[in-house]
Structures are given as C-alpha cells and as structure tokens.
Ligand code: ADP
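Next up: a single chain in structure tokens, the form predicted on its own.
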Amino acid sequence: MLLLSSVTKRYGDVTALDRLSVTVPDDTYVSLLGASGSGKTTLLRVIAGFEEPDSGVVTYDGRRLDGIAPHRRGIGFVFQNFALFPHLSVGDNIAFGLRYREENPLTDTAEMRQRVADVIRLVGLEGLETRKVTAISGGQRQRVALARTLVTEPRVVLLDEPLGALDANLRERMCDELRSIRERLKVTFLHVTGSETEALLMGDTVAVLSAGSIAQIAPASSLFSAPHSADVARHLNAYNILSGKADGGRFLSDCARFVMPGHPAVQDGTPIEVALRFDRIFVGSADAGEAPEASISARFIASEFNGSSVLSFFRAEDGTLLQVVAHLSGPPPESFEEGALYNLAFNPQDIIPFIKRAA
C-alpha cells in the first residue's frame, strides 16, 4: 500500500502540493484527475523520488520512501513523452533498465532475452524487437515505454498522462490494453490525466486533485454521481454550477429560484452553490405557458455534435452559461433557434447543493 501523509512541496512562493494525504491500495488502478497546474506531475515526481517533499511522509508497505534514490524505490515511471532512446532498438530500449541498473544488473544473456521477450509479448510488440523506436508508431512507442518499466517488475507504476500524445482512436484502444495488462500483472497503476473521460474510464478509483490537495477520492461511479463539492463537480465537466444563496429552504439566484430537497440546514442568506448535470435538463419552449417552478429561462447560443450526443449551450438572463446534453440513443434531439428564449426545466431531486466556502 502506497501512503502519502501531509505531503507539501513548494517552488518559491508557489505551493504545488499542500499537506496532501492519500492512500493507494495494492492491485488497483487509480486515476488522478486534475487541471493544468493542480500539482499532478509534481505528485508523481515526489512519489518516484525525482523531487523530495518539503514536509510530510511517503511510505510503501510501511517503508519510508522520501530520501531514498528513485532507482531504489521499486517504483516504475512512464513519462508523458515516453523518454525512449532514439538510437536503440525496441528490444534494447526495453532491456536498458535491466542491463544498466545500479543494483544487480542483469548479465545473463539468455535470461535477459527471455524477460524482454515475455514483456514484449505482454504488450503486443512481437516482431518489432529489432526495429528502431523512430520507425514505429506512437502507440507502439507508448507500449515500449510501458514495457521498459514493467520488465523491471515494479509493484507500483506511475503513468504521467501516458495517452496524451496519441490520437483519439489509439487512446481508446490503449485504455483497454492498459487495464488488461494491469489486471494480468496485479500491480498498482497510478494514472495522471487532465481528461475527466479518461479518468473515469480507466480508474477503479478516481482521485480529484485541486489546489495541491485531494478534493475527493472514490470509485469512479460514486464520484461521478455524488461529487462532494462544487469544485469536484467542475472537474467532471458534466455539471452546471449555479451560485446563489439559501432562502427559506430554497435556492435563490438572479436566474433561478427553486426548492432544494435535502437542503443544507443553514440560515437564510448563506451562500450556496448547486450542481445540475448536463443530461438532467429538459428544454421547453418559453411560449408553452407558465414555466415549471424548477426551471431557468435562457437563450440558445449553439450546439455541438459529439457523435453519441449533442451538447447545447444556453445563456441565462444574468449571463450564466448553461450546458445541456441530449444522448442520441433516445429520441432525435430538438433543433433550437439561435437567440430564442427557452425554459430549461429539471427535477429538483437532481440538484446537488453545497455550502459555498470562502476563497
């Protein structure tokens, strides 16, 4: 089990990690989701030993790792740009760590050949052993980088946005392959990404990193359906966030007023934020009579076709931008008139309220 306790890392006046604590269980796939600048790569570098924390403790199976050189930690690192040696073949890149490691370098040629062959078979690179890495595709280079790490038999593998350099179709295939490889090896993968879709798809568990701390960690389905804060909901890119205040058990803002079922027990006037999923909104004509109580009047801006869904954008009278998703597995989505006024209705039970914290 990998454990970080109150880890802080600063660069001058910038705090990259702020008393961060997290537990990563053995034999699991954990996605670490965060925006640019949230501290994702710094966290991986601290775990790997490329950076030392200013305070806090990093342990694995009860053994302190902080202060131990990276190559002695038993942790693998797959870099975002793969960091392969362009003058070496696929096989020699994979064998490099075994041949030149400081402790117990492998000198038995037959054993070296067998271990490289085993990991090449595992990642699906058969037949490419003698090919230069400059002569293979991006997806194949990604597999070489992974194989070079796995051949040293680490118990934890850190992946720094490993799919970022791949095209969309290849990313989807590599997601399946990474999960399959991890399950066969029974090691822990900690996968950093800025994509909420990738994080939810890959991770058995998803941790949201915000402002240098873990904002929430939970199974992917639980985190998506029940974010613990408006900040976490924003990272998921599936929720509209409205700001207002409590008013007699209702949410009140310049663009909406509706009952908050299970609302926080707070005094009137308390700042409140509510999260409303894009796909839980029903668009109706503003001319269809009296608007439902739980609705927002907004003007249509534009729509985007995303293959399996259509994402539509509306602007409320107070300037709030609202997004609505229509899945194409259902009835054909309605076409909206640019600039026309619509009622965006929803079930108040779908609202997730949060007390707004001071900045």
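Keep in mind the model is a prediction, meaning the values are calculated, not measured. Numbering starts at 1 and follows the sequence shown.
Although it is not shown, the form predicted together with the ligand is what the next lines describe.
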property: Listed residue that, although the ligand is not shown, lies within 4.5 Å of it in the predicted bound form (heavy atoms), from T42, S295, Q323, S303; result: T42
property: In the predicted bound form, the residue from A35, L311, V57, I68 that sits within 4.5 Å of the ligand by heavy atoms; result: A35
property: The ligand contact at V14 in the predicted bound form, heavy atom, 4.5 Å; result: yes
